[in-house]
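Here's a solo chain for you in structure tokens, the form predicted alone.
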């Protein structure tokens, strides 16, 4: 009799465990990462080569040759009628038209996603036009849409002007846009050859997207969830990112300091940031105390009213080291005023 009761109790627990597991699968937010244009597709390839758990990788391009060597879960040649697979030649309007040609198929791919990362290099045709049109199509949905973009060097005057105008529009279409200014790459890649330095931007975006996705989708030291991310990124405009490594004694303190000092966008006043997302990675020897310390150190630089969320993952490759990523949301940047400053300077010079 006792044995029968134990078997019945075991069956009940098994059914309950399965119900919980099934519910967890249903409530896990589906995450998609969309790369648009050459730079966006390069980032998708970077993530695909290293593997990512919990997210789908989608590559969109008008350049058939480049798309052919892109690694992704799904590749879509957009704008076949508009560009014939030859690219947009830097024309933003063509990029928008190309995306529009395949918009229905793309939205079907993203239908079940609750978090969508849109990544591109602003200043060109496909990436700029495509990300603007797709962000516009996703606006007003129940999805959290996060743009992750790079901005051209200051010496690329025409491309930078195009990128700046696109960034202004994009911050009104996405919930948050994390921007990396290539001019600031000297802070983290100043001694590298030019081509390798550009690759650093791709790697930074890849690490950001991969770490956030896996910390949400898999068991971690401290998990992020959909509500955490939404709390600091929903309708928050512009965001800046910084990364830092530390080793030896006080490795987390060093990493936090490096991350805050290497922000890859000129932020006018850090203390005015609406919120901050802190992500900490370390080896098997990383302690919960160290992770907590990272949050405490960052908050010293921010307003007491700033919202903070963090996640942490163990990465065996980081044994003895710490990697800290800090994303400040709801910030103002001097790049938003570049055009006005240059215009005012020209007005002054014209008087002489």
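Positions refer to the first chain, counted from 1. Remember, it's a predicted structure, so these values are computed and weren't measured experimentally.
Below: the form predicted in complex with a small molecule, not depicted.
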| property | result |
| --- | --- |
| The small molecule contact at residue 213 in the predicted bound form, heavy atom, 4.5 Å | no |
| Contact test in the predicted bound form: residue 159 vs the small molecule, heavy atoms, 4.5 Å | yes |
| is_contact(residue 125, the small molecule) in the predicted bound form, heavy atom dist at most 4.5 Å | yes |
| In the predicted bound form, residue 37 touching the small molecule (heavy atom, 4.5 Å) | yes |
| Listed range touching the small molecule, judged in the predicted bound form by heavy atoms within 4.5 Å, from 74-82, 270-278, 145-153, 239-247 | 145-153 |
| Residue among 201, 138, 167, 265 with a heavy atom within 4.5 Å of the small molecule in the predicted bound form | 201 |
| Sole residue of 134, 177, 256, 88 within 4.5 Å of the small molecule in the predicted bound form, by heavy atom | 88 |
| Contact at 42, 121 and 182 by the small molecule in the predicted bound form, all three, heavy atom at most 4.5 Å | yes |
